[in-house]
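Next up: just one chain, as structure tokens, the form predicted alone.
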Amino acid sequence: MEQGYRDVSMRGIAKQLGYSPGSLYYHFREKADLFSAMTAEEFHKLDNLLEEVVSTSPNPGRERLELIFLSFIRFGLENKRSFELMFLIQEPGLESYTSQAKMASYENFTHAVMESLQMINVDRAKDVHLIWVLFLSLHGFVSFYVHSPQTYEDVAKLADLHVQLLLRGLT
């Protein structure tokens, strides 16, 4: 993250880890494979968080949507480097390595939001464009703060206000 995807090499990574380049290449064919494994792991963490929110939330509907949205923002701001790896690095050719994990995670998000949104507004729950806009809104909030020194706790009131505005627009 410090050097950027283009400027880091497999040799440099191996050196930082105290491994030989050959041992790194044994597990990863190229830098993009390593990047893919890293992002897949981070998407897995985000998916587990979403699953936990859905399973522990008492009822689908507004409360669950609020928890889903706030949890996404919290994850992004408590895992800024992970969020950057997952969503903000735009390098030609990398999308083919990361798209599967990214799309699976987005599908989980979509399903959870649609299920909860059905309790609030059945017609809106069917609108895939609306779900995308909700995701973009949450993503944009995190992206704004991802390079700042502010923590989730520092912007928690703003995050809550942002989520409340989204929820108000859904009812």
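If you superpose the two forms and keep the largest set of C-alpha atoms that fall within 1.5 Å, you have the rigid core. Worth saying up front: this structure is predicted, and the values here are computed from it rather than measured. Note that residue numbering begins at 1 and tracks the sequence as displayed.
Not on display, but discussed next: the form predicted together with a further copy of the same chain.
Contact with a further copy of the same chain in the predicted complex for Leu158, defined as at least one heavy atom pair within 4.5 Å: yes or no?
Contact with a further copy of the same chain, yes.
Is Leu136 close to a further copy of the same chain in the predicted complex, meaning a heavy atom pair under 4.5 Å apart or at it?
Leu136: contacts a further copy of the same chain in the predicted complex.
Is Ser96 part of the interface with a further copy of the same chain in the predicted complex - any heavy atom within 4.5 Å?
Heavy-atom contact with a further copy of the same chain at 4.5 Å: absent for Ser96.
Closest heavy atom of Met114 to a further copy of the same chain in the predicted complex, within 4.5 Å or not?
Looking in the predicted complex, residue contacts with a further copy of the same chain do not include Met114, since no heavy atom lies within 4.5 Å.
In the predicted complex, which of the stretches 59-67, 46-54, 124-132, 26-34 has residues with heavy atoms within 4.5 Å of a further copy of the same chain?
Of the stretches listed, the one contacting the partner is 124-132.
Hey, which residues along 147-171 are within 4.5 angstroms of a further copy of the same chain in the predicted complex, non-hydrogen atoms only?
Heavy-atom contacts to a further copy of the same chain in the predicted complex: His147, Leu158, Leu161, His162, Leu165, Leu166, Arg168, Gly169, Leu170, Thr171.
Does Leu88 move its CA by 2 angstroms or more between the shown form and the other one when the core is aligned?
The answer is no; the displacement is under 2 Å.
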